[in-house]
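To begin, one chain is listed below as structure tokens, in the form predicted alone.
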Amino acid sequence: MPLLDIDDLRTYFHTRAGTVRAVDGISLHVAEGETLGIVGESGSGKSVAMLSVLGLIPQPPGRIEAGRAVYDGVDLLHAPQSRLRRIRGSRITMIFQDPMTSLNPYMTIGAQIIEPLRIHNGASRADARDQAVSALQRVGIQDAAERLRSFPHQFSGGMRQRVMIAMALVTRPRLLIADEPTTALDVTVQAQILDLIRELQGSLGMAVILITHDLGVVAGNCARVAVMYAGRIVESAATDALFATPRHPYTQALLAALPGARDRDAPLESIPGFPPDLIAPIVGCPFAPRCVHAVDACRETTPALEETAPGHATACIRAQRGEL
């Protein structure tokens, strides 16, 4: 049984300009101890899907129109707020994209790490402080006891990200959602942060959902991957299978644009056009206007996500027919 099972999740934003179908019917799951990667261009719905699961989208204008997200027998989308609060921040935690805007600038680092221990675990202030020191040491912050009194602006970007990881893991969650955890960090710090998450995942035995637009990050850290486009999952497979035999033209285009994926002397490819307007109803395959393999049927029929090989599903009519 999956640790988290999401089925037909639909999250729309109702604005004056119209209804934005940010997440339009996605289904995915993650098992105990597994690392699942979710990739796609900016605006594809990756972050909104996970924020919806945790009840963190602003309502209004956002609204979860349909779906289920079952964690440990509890449907998070329909659970009472009191029960959701007991799970969120304790059993399921999240590392947000930008630690500078996620950390409270008016609170010390120590106060922000101690807070979930006091709320969720009922720890005494002294015990919570000791655990906060240990958490900072575990993520590689020197002079942890002293740094508890520091404020977020007194840390570098990489150090703030380490603080976010410490906050997310201090309650020993079963599932960590890491939303672009290496955004705006230099390459060396990126590698350190990803190594740290992987190391802590092994010691805590938790599952990880890694949201990213970097296929290189997925290749080195994820067992399975779901590719999102225009609020939908267009391909899902084991990471090795996805890189070896990508079946959806969007996935193929992403891989072709990856440096080092082809002959070094060949120019990097780009995907022509732009993602679709999610306010306007999409008829047919959402990627069809940008797809070099599109035919009339692609523009007329909305493809469902179907298996084309064991454990490998794609939402491409031509791939399902064996034409690609």
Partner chain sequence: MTEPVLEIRDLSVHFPVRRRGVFGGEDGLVKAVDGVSLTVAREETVGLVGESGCGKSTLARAALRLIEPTAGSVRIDGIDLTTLSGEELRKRRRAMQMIFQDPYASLNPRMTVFDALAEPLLVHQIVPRKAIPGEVAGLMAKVGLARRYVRKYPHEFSGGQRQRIAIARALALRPTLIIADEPVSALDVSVQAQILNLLRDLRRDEALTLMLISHDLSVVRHLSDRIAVMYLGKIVELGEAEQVYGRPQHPYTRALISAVPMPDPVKERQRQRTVLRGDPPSPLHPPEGCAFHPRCPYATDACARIVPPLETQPDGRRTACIRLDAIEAEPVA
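Please read all numbers here as calculations on a predicted model, not as lab measurements. Positions refer to the first chain, counted from 1.
Only in words, not in the display: the form predicted together with its partner chain, which the text now covers.
- The contact residue chosen from 290, 299, 63, 293 relative to its partner chain in the model of the complex is 290, the criterion being a non-hydrogen atom within 4.5 angstroms.
- Exactly one listed residue, out of 279, 31, 257, 54, brings a non-hydrogen atom to within 4.5 Å of its partner chain in the model of the complex: 257.
- Using a 4.5 Å cutoff between non-hydrogen atoms, residue 214 counts as a contact of its partner chain in the model of the complex.
- Although the partner is absent here, residue 133 is not a contact residue: none of its heavy atoms lies within 4.5 angstroms of its partner chain in the model of the complex.
- Contact check for residue 243: a non-hydrogen atom falls within 4.5 Å of its partner chain in the model of the complex.
- By the criterion of a heavy atom within 4.5 Å, residue 156 is counted among the residues contacting its partner chain in the model of the complex.
- Only one of 171 to 179, 249 to 257, 76 to 84, 112 to 120 lies within 4.5 Å of its partner chain in the model of the complex by heavy atoms, and it is 249 to 257.
- Proximity of 192, 219 and 267 to its partner chain in the model of the complex is complete: all three residues have a non-hydrogen atom within 4.5 angstroms.
- Contacts between 59 to 74 and its partner chain, taken as any heavy atom within 4.5 Å in the model of the complex, involve no residue at all.
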